[in-house]
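Encoded as structure tokens, the following chain is the form predicted alone, with no partner shown.
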Amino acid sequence: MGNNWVAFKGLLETLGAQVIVPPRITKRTIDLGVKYSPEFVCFPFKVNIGNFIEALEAGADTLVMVGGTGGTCRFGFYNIVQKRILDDLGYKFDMIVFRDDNFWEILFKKFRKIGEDSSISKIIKAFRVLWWKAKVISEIEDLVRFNRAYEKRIGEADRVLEKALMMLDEQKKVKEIKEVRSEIKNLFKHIPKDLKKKPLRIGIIGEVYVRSEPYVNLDIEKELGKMGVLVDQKMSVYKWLKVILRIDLERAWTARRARPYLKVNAGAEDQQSIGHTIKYAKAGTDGVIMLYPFSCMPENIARGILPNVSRRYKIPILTFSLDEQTGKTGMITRLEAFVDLLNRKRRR
């Protein structure tokens, strides 16, 4: 899930588990997922199956993933169907699913006895590592987005990103994470920038997985950065942890903004997509891009409502439906046209 593997790896290693991170997503990952998944299931489901197979091939005996709580979104049933598919393929493994409503129960029941230390303090220590690594990852991603829009040499921010993630991954204690956090910020600070630029600002909304995984969204943030666009993206694992701790007030306010258009949450990020679009419009953002998996019912509901939001708040919206057939060339062509439209709108 993008750069978030660093945070979850830190959690599990601190608990005493030996962690096998699946290889980065490639065409082989997608091909494996498509081969063994139902044809019309959500695209993230297929990518997950490919991830799991590659992890099992690398020697994993337990699969850990985040999950939904059922309801109207198919994400709540991912792990049940995925486990059956992998069982039928002959793989032997256990599957552990973290959800909003069982996060602490899983930590205490499944992971407390791993390793020599089975104390409650180990759980607290592991969560603090997860919290701080997720927080730093969120900060790194914001720094990358800012620097892409202003950097003098295209690609410099992405080179620093790779180095920063490796530096963060190597830290095992909260004190070390806080120290390397300052070093990472300093690395971005020294990227040569042209601060006289006045880049377009575009907000990214839509389903959380396709927004977070660069291979799945065809590196859309990087492509926008090459065009000199300052991207804003509100979703991160750090914010998900705030939801678990019931301290994410922003999510509740965003849903409240959406209620005149969508009174109930149908699943996925539908209300958040609408609410964030309104927030972007009020903040003077130039445009919004929506990313969602092909056939995602909740996000298709939001997509059907967004033209009304666009007209009322006078903010242009571009949508991308993503699956294994989506081509990068076509996406870039549409992005270039959208950026040109926004530039002309700004000049007017």
Partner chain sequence: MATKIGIPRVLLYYKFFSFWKVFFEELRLEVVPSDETNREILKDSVNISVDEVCVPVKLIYGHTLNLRDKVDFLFIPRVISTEKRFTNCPKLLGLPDMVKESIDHLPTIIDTTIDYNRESLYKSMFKLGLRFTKNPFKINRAFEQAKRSSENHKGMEKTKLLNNNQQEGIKIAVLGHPYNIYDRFINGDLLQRLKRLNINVVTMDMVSKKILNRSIDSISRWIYWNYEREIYNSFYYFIKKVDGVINVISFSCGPDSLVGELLLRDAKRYEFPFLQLVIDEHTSETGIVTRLEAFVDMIKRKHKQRK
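The structure presented is a predicted model; accordingly, all values stated were derived computationally and were not measured. Positions refer to the first chain, counted from 1.
The form predicted together with its partner chain exists for this protein as well; it is not shown, and the discussion that follows is about that form.
Considering its partner chain in the model of the complex, the lone stretch of 163-171, 261-269, 121-129, 230-238 in range is 261-269 [heavy atom distance within 4.5 Å]. Three-residue candidate spot F45, C73 and M297; every residue lies within 4.5 angstroms of its partner chain in the model of the complex by at least one non-hydrogen atom. Residue in contact with its partner chain in the model of the complex (any heavy atom within 4.5 Å), chosen from V81, A255, M95, L187: V81. Among I315, L32, V41, A60, the residue placing a heavy atom within 4.5 Å of its partner chain in the model of the complex is V41. In the model of the complex, its partner chain lies within 4.5 Å of some heavy atom of S321.
The shortest heavy atom separation between R303 and its partner chain in the model of the complex is within 4.5 Å. Contact check for P293: a non-hydrogen atom falls within 4.5 Å of its partner chain in the model of the complex. Its partner chain is not drawn, but in the model of the complex it has a heavy atom within 4.5 Å of R99.
Taking its partner chain as it sits in the model of the complex, the stretch 177-193 never comes within 4.5 angstroms of it through any non-hydrogen atom.
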